[in-house]
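Take a look at this one chain, the form predicted on its own, written out in structure tokens.
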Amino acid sequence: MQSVYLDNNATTPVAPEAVAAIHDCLEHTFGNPSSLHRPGVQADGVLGDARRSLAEQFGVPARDLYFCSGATEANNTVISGVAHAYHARGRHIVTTAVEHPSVIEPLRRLEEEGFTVTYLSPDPVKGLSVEQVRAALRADTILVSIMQVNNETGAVFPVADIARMVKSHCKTAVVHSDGVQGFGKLASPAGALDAYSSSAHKIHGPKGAGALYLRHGVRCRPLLVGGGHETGLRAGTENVPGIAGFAAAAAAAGGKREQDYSRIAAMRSQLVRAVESTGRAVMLSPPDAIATTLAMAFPPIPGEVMVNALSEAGVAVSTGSACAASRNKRSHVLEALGFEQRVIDSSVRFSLSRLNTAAEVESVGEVLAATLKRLRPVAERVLR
């Protein structure tokens, strides 16, 4: 069979529209967008067009959109920057225990500085409720940061409803969402939030480009200083080709988002049926997970063994977050959700995109069935 790529939550193939935009910039728009001569003005014009186009996809004013290297930088910027800008008001932050490391780790640093963080644990089936967040709010809460879609299980959190609740109970708290796995796939909740992060390479754009929406008037201490770029929020010459590719990829995704989502949902259901026909699989994704993500476990087969076996057969999947997998760490997400260690150790994540096809998914089902038939007896003998 031809190779099939089902690790789109880690990164996506670059869409033709993005490739064309990047190539055009590399060939014709080499100027520094901060320069005043014609090449600089041309580059600045590309940035302006991209900002307006992306802002339309975000559903926010273009003036409130800032370019950066990706969502890791965006998350670090808003979490550290907001905490330090508002620390005189309070030092309490609310988040979940299933956030991406680019949210968890800057929060750990803030704890070392004396901030207090409440980590909420979503229910593995019902997810995170607005009431859970409301109960965690305090008079000194200055920031609420909750992801839109979990990158490992596909759980969708009601961040717009959470934001409206926070504003009615704790008006001065800033509400942020890591929107990496939701942007371009679901309707953007950014308009209800104070801050929203995204990354180009998760929606068929290039690596190295991202955007942070920050509502006008929200204070945020810059993470990178030394140039005054992006109206002072992020120093460093903008990645013009990457940003142009990001805007092109977002426009392509947004143009037929609902149609693509329905097709992806059908492919996911097709994959679920194929997995369930093999027997003894454990569903890790909740019933209402985003259509692009399917997390399963196949105990007693170790997840790494399954990933390697499928890779040899031409199918690219993962054991969870690429950031955690590269360090051979157990999933903090699945641990927080309360799954048994034997299930966590055998977890595999399939993640689809609009570029996948039903024929690909059908072939993956066949490969998966054959792989499980071969590996299960071996794993059971080893663990006997």
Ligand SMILES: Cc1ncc(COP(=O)(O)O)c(C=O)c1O
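Numbering starts at 1 and follows the sequence shown. Just so we're clear, the structure is a prediction, and the values are computed from it rather than from any experiment.
We do not show the form predicted together with the ligand, though everything after this point is about it.
- The contact residue chosen from 100, 229, 91, 268 relative to the ligand in the model of the complex is 100, the criterion being a non-hydrogen atom within 4.5 angstroms.
- Only one of 72, 95, 132, 80 lies close to the ligand in the model of the complex, with a heavy atom inside 4.5 Å, and it is 72.
- The shortest heavy atom separation between residue 199 and the ligand in the model of the complex is within 4.5 Å.
- In the model of the complex, the ligand lies farther than 4.5 Å from every heavy atom of residue 292.
- Taking the partner from elsewhere, residue 151 is found to have a heavy atom lying within 4.5 Å of the ligand in the model of the complex.
- In the model of the complex, the ligand sits beyond 4.5 Å of every heavy atom of residue 247.
- In plain terms, the part of the chain that comes close to the ligand in the model of the complex, with a heavy atom within 4.5 Å, is 173 to 181 out of 216 to 224, 104 to 112, 230 to 238, 173 to 181.
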